[in-house]
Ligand SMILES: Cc1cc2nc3c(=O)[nH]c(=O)nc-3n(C[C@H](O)[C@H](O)[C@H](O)COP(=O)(O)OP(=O)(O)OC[C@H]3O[C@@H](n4cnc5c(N)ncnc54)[C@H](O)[C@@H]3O)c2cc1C
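Taking the form predicted alone, here's one chain by itself in structure tokens.
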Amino acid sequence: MDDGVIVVGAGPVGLTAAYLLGTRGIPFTLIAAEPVLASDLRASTFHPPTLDLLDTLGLAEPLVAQGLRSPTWQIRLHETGEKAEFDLTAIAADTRHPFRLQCEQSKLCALLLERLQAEGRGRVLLGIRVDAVSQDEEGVTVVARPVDAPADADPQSFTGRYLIGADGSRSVVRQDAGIAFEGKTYPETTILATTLFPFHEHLPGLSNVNYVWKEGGTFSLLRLPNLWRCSLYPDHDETVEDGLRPESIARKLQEIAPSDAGHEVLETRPYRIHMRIADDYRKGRIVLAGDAAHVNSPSGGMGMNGGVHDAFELVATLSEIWKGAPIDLLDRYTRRRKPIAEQEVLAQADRNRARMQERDGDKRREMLTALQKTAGDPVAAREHLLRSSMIAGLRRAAVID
């Protein structure tokens, strides 16, 4: 039995966990099916406390250098341009990074992998697909094989004292551990389109992060250093396939910001939104983190951030166990992270999604007025920003025994 921790998954959560293990002198083996790190556009918002945590590893500064600082975010009525804008400088006393950083998660993954390979504190094995996971009282075993191996090739076995499952919402680790993953799938399909079109030059007062009501629907505009991410939806009489057609996307972008030159679209992809959470984050020596433990609506940008927070809490707990604390201390990880995921991440993301899916004009007006009132009240705005930026949740978790 290898005297180390196996980490499955090379997204931001798995790579963060592996790097943290290395900094604490805990041997690890990271296994991931992807031969190279994913570079497609996934999460792209880093909240202030996530940057604070990454700063303890010397990773915030190089990440910020590759992203776009967004000190404000807003909810808008498209037809009138009215908005409720929240200014993160209101929480400058609560964080070293009073802004959202708009930056692709792949940039963090690349920084982490570069450090892992340069420092050589553990093994990083990419292109290895996990087939099965098991455990006993002494440790865990992972059966895996190279993704490019012939079907009849003999599998490889990896053993360790603990296993971190950071292998996403379809987690093999979670399934083999027999941990239930209950929840729901929302009815709508989001269509993500990226474009170089400069929306900020056409829509007065636009922030870098915008959630927008339009007549009969909604969309969001998130700015990155070199492009904009547009979250669109099929019209009520469109199928998803129809909504993905270039002419449909072009029409929707023209409705947002008319342009004689059109909008050059770089990439489109559909995705369904889920809200699910594991019954328990731990079973024996197997522990879940990130999307393997919880998935939520991306509205508010809390999923990836919550997963990184999981990694910091989990490795801190494993470090205590490594120094002699009982293994049952892992239950504290669930006690600290699951309620926060349920109440501060999933529930808040669910409310954000429900608000933007509202179609009644009077109710939209009522909600916008309430949000404007909150944004205009220094005390209420700070409390709202502490919750929406995930600082309040981290503080709550820290005092749970």
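Note that the structure is predicted; figures quoted are calculated from it, not measured. Quick note: we count residues from 1 along the sequence shown, nothing fancier.
Below: the form predicted in complex with the ligand, not depicted.
The closest heavy atom approach of residue 29 to the ligand in the predicted bound form falls outside 4.5 Å. In the predicted bound form, the ligand sits within 4.5 Å of a heavy atom of residue 13. Looking at residue 303, you'd find a heavy atom of it within 4.5 angstroms of the ligand in the predicted bound form. Heavy atoms of residue 166 reach within 4.5 Å of the ligand in the predicted bound form, making it an interface residue. Remark: none of the three candidate residues (274, 285 and 346) comes within 4.5 Å of the ligand in the predicted bound form, counting heavy atoms only. Note on the interface: of 60-68, 367-375, 39-47, 336-344, the segment with non-hydrogen atoms within 4.5 angstroms of the ligand in the predicted bound form is 39-47. In terms of contact with the ligand in the predicted bound form, the residue from 249, 172, 224, 203 that brings a heavy atom within 4.5 Å is 172.
Comment: the ligand is not present in this chain, but in the predicted bound form one of 311, 209, 130, 88 has a heavy atom within 4.5 Å of it, namely 130. In the predicted bound form, 229 is the single residue of 197-231 with at least one heavy atom within 4.5 Å of the ligand.
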